[in-house]
Ligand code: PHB
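First, one chain by itself: the form predicted alone, in structure tokens.
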């Protein structure tokens, strides 16, 4: 009797499981999971905070359901340490069964996750890191941030054409810093400029003071500076402490050093700095004015270029899901993203179908006071700039 009862129990269990399995598609579809890997602590924490804020803002504005699928964000802090990034990406793909991995505050973090994106056929949306090679490391990587080549070539040309003859360079000693330096040098020297001093500073916790003294002694017309987002405030503080703001040496570079969320606290030492970049909180479009107002209202701070990279990254995911009808096949999603074009708070942007990299306007900006606050005020535009780091290969 007990055997028969056990058999009936097993049969009932089997039917229940079969019914449950069969019923799953008929009920609400499973959520689409996005693993957001960002530096929420450490030297790059402002990058992580901006991107996280922007993703939250976008989802508040557009809702958390796309093509009938609920969007679920799983935020993980990697502290911008590549070993952490790799471990977290693996856990998200294997254990959490995410459909996307996104974020990536620095290049080494993006590169650490690339092989996992390829193995898992999981789209990897790079919202921050800016070295040219990144999208070449996996066919599943799409970037919504920038490359250092896009802005560094343009500021190199601008400097050579605007009376700057001698430049000292100070760049962070890792891949993006090397990209920034090489592309600036290539264009500045081709325009007749001369590099009189070249300094590379450590990425982690740099003390700029001893290097700044070397810059001052070299007596250049300008200093070309690349430090990652989040370090510009510390750099400008030491720049002023060493008296370089009174020495007549201009600060030029890609826009990372004059990041909007830190700019207002840099003081008058930042006035007159000229940078080439993809975004300014002072960008005059109606869409950007709405974006800045909404971001300030939600987070009581000003959005910078990292926020825009995150905002456009989540937009890209939403639009790709719309195109696939909510299907999360990696190849279909990447195909949907190639060639996509839209209006961003930064201006018109698109995804290059060949490189999966961003095509965008680059603006030359000068730090000025507007209504008592410091802003990067745009005064020249270079339209639809591709990543020359790839096209020249």
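Residue numbers count along the first chain shown, from 1. The shown structure was predicted, so the numbers you read here are calculated from the model rather than taken from an experiment.
Not on display, but discussed next: the form predicted in complex with P-hydroxybenzoic acid (PHB).
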Region of this chain that lies against P-hydroxybenzoic acid (PHB) in the model of the complex, out of 228-236, 157-165, 307-315, 283-291 [heavy atom, 4.5 Å] = 228-236
message = I'd like to know whether residue 107 contacts P-hydroxybenzoic acid (PHB) in the model of the complex, with contact meaning heavy atoms within 4.5 angstroms.
response = yes
message = Would you classify residue 256 as touching P-hydroxybenzoic acid (PHB) in the model of the complex, given a 4.5 Å non-hydrogen atom cut-off?
response = yes
query = Counting only non-hydrogen atoms and a 4.5 angstroms cut-off, does residue 174 reach P-hydroxybenzoic acid (PHB) in the model of the complex?
reply = yes
task = Verify the contact flag for residue 170: yes if a non-hydrogen atom of it lies within 4.5 Å of a non-hydrogen atom of P-hydroxybenzoic acid (PHB) in the model of the complex, no if not.
result = no
ask   = Taking P-hydroxybenzoic acid (PHB) in the model of the complex as the reference, which of 138, 131, 187, 99 has a non-hydrogen atom within 4.5 Å?
value = 131
request  = Find the only residue in 113, 273, 148, 125 having a heavy atom within 4.5 Å of P-hydroxybenzoic acid (PHB) in the model of the complex.
outcome  = 148
